[in-house]
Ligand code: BGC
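For reference, the chain that follows is the form predicted on its own, supplied as structure tokens.
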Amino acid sequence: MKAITVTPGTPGSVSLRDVPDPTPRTGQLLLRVQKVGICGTDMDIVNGFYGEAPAGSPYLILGHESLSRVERAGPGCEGFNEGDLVVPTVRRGCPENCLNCRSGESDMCLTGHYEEHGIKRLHGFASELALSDSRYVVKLPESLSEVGILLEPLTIVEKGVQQAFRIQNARMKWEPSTALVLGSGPVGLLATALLRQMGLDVTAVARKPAGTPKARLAASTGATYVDVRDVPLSSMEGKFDIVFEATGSTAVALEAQNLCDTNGVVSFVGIYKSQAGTEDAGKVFTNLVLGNRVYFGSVNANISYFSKGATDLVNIRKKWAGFLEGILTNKVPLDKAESAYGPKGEGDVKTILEMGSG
């Protein structure tokens, strides 16, 4: 079968190659992959920053964002049938089976020895056929056959937002009304839609003019779109109940800590490069203490967030027709897959690989 592979740690090694068909074991679903999403994590792996191949393999099959159909459901895969539209989760628990992994929360693994499809010690889904333990697979309705590829990035939002609410509701009476989303990539746009669906007054901020595709998508949910080059973040300090930081910019992340209101919360979901401090640390910590604020980080998502996300995808699609479809701006066929890992076009929001028909 055809698969998109890299040699981890070797920049520019991405290639379309023939690899052996996978053989499912008891409890594993054989999947016919339909679509694979490409995100910043994939680009970092392609550029050699990280990534780890399975034991004994000279290559890693890419792809942690996927949408598939069940090709075969063998013994131990009750509840699945051939042709089901499904999305597998990304992370699998550590061999030590730590407290959180054995509680179904591998996204909160204590040891760091977890495995991740397409990232760390497990082949991903950027192949014509793939495998997943059936316990980590969520079924989707047919209405999501074109946009279900967005479930995995939505789960990053689901976890970041749900945990913000859990933290806040556990420590005080909290009735949020305003939210700020920093970043207009797929995760930022999905966060904007989810928070709007929850009834919050959302401001979406990015470095794009108001007429660009990302800006139009954010505004189509009823959010207020702001180009930060026209309205500086410093003018928004202390205005929001919840801030969702999805830019991956260290400078923006530092400034985000001053943007929430008294008793507010900031959820960080980006990966930030090391940078010399440019922020007034005293101001940050004073605001944290005197404002009873909470800042926290969130990564990955367990199957509970995938299940919740599947429901929210349906609702978002019903509420804002064309919004989810509008995120999928660049669709690349499998035979041109290597080109999908190059620079984005000016108007591109999200690139996906079309792996097969479905």
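Please read these numbers as outputs of a predicted model, since none were measured by experiment. A residue's number is simply how far along the shown sequence it sits, counting from 1.
Quick note: we don't show the form predicted in complex with beta-D-glucopyranose, though the next part is all about it.
Visitor: Go through 66-74, 319-327, 22-30, 294-302 and give me the stretch that gets within 4.5 Å of beta-D-glucopyranose in the predicted complex, heavy atoms only.
Guide: Contact-bearing stretch, as computed: 294-302.
Visitor: If the cut-off is 4.5 angstroms on heavy atoms, which of these, 202, 156, 259, 101, is the one near beta-D-glucopyranose in the predicted complex?
Guide: Filtering the options by heavy-atom distance leaves 156.
Visitor: Work out which of 255, 116, 84, 241 lies within 4.5 Å of beta-D-glucopyranose in the predicted complex, going by heavy atoms.
Guide: Selected residue: 116.
Visitor: Check residue 47 for me: does it contact beta-D-glucopyranose in the predicted complex (non-hydrogen atoms, 4.5 angstroms)?
Guide: The answer is no: residue 47 has no heavy atom within 4.5 Å of beta-D-glucopyranose.
Visitor: Can you check whether residue 218 is within 4.5 Å of beta-D-glucopyranose in the predicted complex, heavy atom basis?
Guide: No, residue 218 is distant from the partner.
Visitor: With heavy atoms only and a cut-off of 4.5 Å, decide whether residue 196 touches beta-D-glucopyranose in the predicted complex.
Guide: Residue 196 lies outside the contact set for beta-D-glucopyranose.
Visitor: Do residue 91 and beta-D-glucopyranose come within 4.5 Å of each other in the predicted complex, heavy atoms counted?
Guide: Residue 91: contacts beta-D-glucopyranose in the predicted complex.
Visitor: Going through 38-53, which residues have a heavy atom within 4.5 Å of beta-D-glucopyranose in the predicted complex? Please give them in sequence order.
Guide: Contacts from 38-53: 39, 41, 50.
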